[in-house]
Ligand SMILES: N[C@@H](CCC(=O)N[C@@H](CS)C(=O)NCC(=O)O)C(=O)O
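One chain comes next, on its own, written as structure tokens: the form predicted alone.
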């Protein structure tokens, strides 16, 4: 099995999953602006020219959270929810974090860290952080009275959502108004597998 991407990108999400599962894999340190644009990569791995991408036997799969859902189902390791209802909720939270959280969070991140200093727009970053607030409140409510999203056990739902929300730390997003999110995110990112993935 081979995972293409760098830990400083969306590939962190899938590297974290692979580390949680403890299965053997090869990490191909692939840059999104260089290696992912080569003819070989575009023709054989991901025609979108993006990372991450996973090769598992004859399967070539891209999109970080889809990779994680596949890995959780195939290799389990305790991260796949046991009931069909909770598996559906894992899908729900994975889609939710991509549609509701990631777009404004990228806007925050780019205008506070990603762009060169002259290109940054603090007003755009602040507006995007304001747009995040009601979404974070939804997550805070979902975590109330529970250790993790689907109950006591850490699952692929937590990994997928927390891996996206890890960018709040880079973007300096204030989480003080959502204490359950703050607690839960800290616990998720303190997992040894997350630390190992970040170090790759």
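Positions refer to the first chain, counted from 1. Bear in mind the structure is a predicted one, so any value in this text is a computation, not a measurement.
Another form exists, predicted together with this ligand; not displayed. Remarks below refer to it.
S.K.: Ok, 98, 127, 115, 91: which has a heavy atom sitting within 4.5 Å of this ligand in the predicted complex?
M.R.: Contact with this ligand in the predicted complex is made by 98 alone.
S.K.: 32, 29, 38, 148: which sits within 4.5 Å of this ligand in the predicted complex by any heavy atom?
M.R.: Comparing distances to this ligand in the predicted complex, the residue within 4.5 Å is 32.
S.K.: For residue 160, is any heavy atom within 4.5 Å of this ligand in the predicted complex, or not?
M.R.: No, no contact at 4.5 Å.
S.K.: Is residue 9 a contact residue for this ligand in the predicted complex, using a 4.5 Å heavy atom cut-off?
M.R.: Heavy-atom contact with this ligand at 4.5 Å: present for residue 9.
S.K.: Does this ligand come within 4.5 Å of any heavy atom of residue 68 in the predicted complex?
M.R.: Looking in the predicted complex, residue contacts with this ligand do not include residue 68, since no heavy atom lies within 4.5 Å.
S.K.: Is residue 54 close enough to this ligand in the predicted complex to count, meaning some heavy atom within 4.5 Å?
M.R.: So residue 54 does not count as contacting this ligand.
S.K.: For the interface check, one of 152-160, 56-64, 168-176, 134-142 should have non-hydrogen atoms within 4.5 Å of this ligand in the predicted complex; which one?
M.R.: Stretch 56-64 is the one.
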